[in-house]
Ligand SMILES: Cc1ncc(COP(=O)(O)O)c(C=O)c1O
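In the block that follows, a single chain appears as structure tokens, in the form predicted alone.
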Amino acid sequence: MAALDPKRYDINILENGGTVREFIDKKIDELSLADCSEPFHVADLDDVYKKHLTWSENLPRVTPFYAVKCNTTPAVIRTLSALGTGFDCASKAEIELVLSLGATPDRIIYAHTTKPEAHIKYARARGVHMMTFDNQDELTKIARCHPSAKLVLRITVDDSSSLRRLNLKFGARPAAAGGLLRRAGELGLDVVGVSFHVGCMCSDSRAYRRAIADARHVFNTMGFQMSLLDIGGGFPGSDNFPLKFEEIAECINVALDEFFPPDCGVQIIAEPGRYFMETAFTLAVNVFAKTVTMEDAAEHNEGDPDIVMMYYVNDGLYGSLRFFINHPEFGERRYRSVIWGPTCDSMDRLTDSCLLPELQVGEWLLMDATGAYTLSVSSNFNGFERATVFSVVTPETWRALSGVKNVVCLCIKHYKKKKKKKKNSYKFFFKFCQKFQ
């Protein structure tokens, strides 16, 4: 895959057995020499690659269409394109991005049920035909702007077991599907399938089974010759989530075999985002300020005042960090600590109380699992720059992505290879978990 140019996409190849942590060490040294302390992400393309292999092993019938909104880093998009994934796009800009990075129009689903007319016309001009809908007004727009579109009806499903529910905003009630499909027929539009989304970070695998059964009912009763089922997203991106990806995959496979058996002629796709991105990114931030305060601790049944450390780091809620800290144990004395982002907004607080060793101004903190919905929602509020991204990959994975011979054997060998222990170069390493309201 010659088009994946490491220089063009700022991809750094880890030579001589180098690790991601060693790369971060070196990058911090380089920044220090240049008198720079701006935050930066490191994207581990090996992690993306291994997630692809895990998906293929556990959901062999389901083609992933990566949710571009999760993270738009060019090196990541290009890697996924090289691996043959499709792309779930929600706007003209996202379609334009993935097409510019190697995707073909047939590997894109315009998966937004309410689209501006100009964006629909753009999709038509670029040969993107597959798109979702859930209401009659959208059908009217599509008939006017893209009459040859291949439509996918999004239905509502039970998302009560998910941390972030989506079905209040998107989807048609299954009972209303008949009327929508009749209207599509009157407009001469081609409905090719059904889609759903069980919500973000679903904690009950049975939600997928119920949703697949609902989709089968729509297939059976609507009279259209449909050939596509889109099972949406909601897949966890790390092992810290209570419900494991493998458990979800097992439930999906059983449901698909029951309601959409392999010989039924229906293509199955999904829209994972967090699954691919969450653990692939590590963020490095710098402590640029510190305040020590004393707080009466009588309410905590302690005789002495509490020392409270307040640290200010150069990325926060308006940048990459809509997260809270799940901190590890430390063997030295720890203090109640508050960590603030860099802006003047008092809401820009990363944690209001955690126990940490004393930090010094100028030290760096590494924040793990920061790849999902961080960069894509960041801003430069107060003039603070967004974090830079450096992408890294091992030579072995690079050769596989570049199309060397025996790529299947190479992938399996790489996947089963034991991880080397990372060099713990910094005193403090934080695990971050998504914070939901």
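Nothing here was measured: the structure is a model prediction, and the numbers come from that model. When you see a residue number, it is the position in the sequence shown, counting from 1.
What follows is about the form predicted in complex with the named molecule, which we do not show.
Although the named molecule is omitted here, in the predicted bound form all of Ala111, Leu166 and Gly233 have a heavy atom within 4.5 Å of it. Residues with any non-hydrogen atom within 4.5 angstroms of the named molecule in the predicted bound form fall in just one of 348 to 356, 283 to 291, 193 to 201, 213 to 221: 193 to 201. In the predicted bound form, at least one heavy atom of Ala67 sits within 4.5 Å of the named molecule. In the predicted bound form, none of the heavy atoms of His146 sits within 4.5 Å of a heavy atom of the named molecule. The closest heavy atom approach of Tyr373 to the named molecule in the predicted bound form falls within 4.5 Å. Using a 4.5 angstroms threshold between heavy atoms, Gly273 counts as touching the named molecule in the predicted bound form. Of the residues in 77 to 94, only Asp88 comes within 4.5 Å of the named molecule in the predicted bound form through at least one heavy atom.
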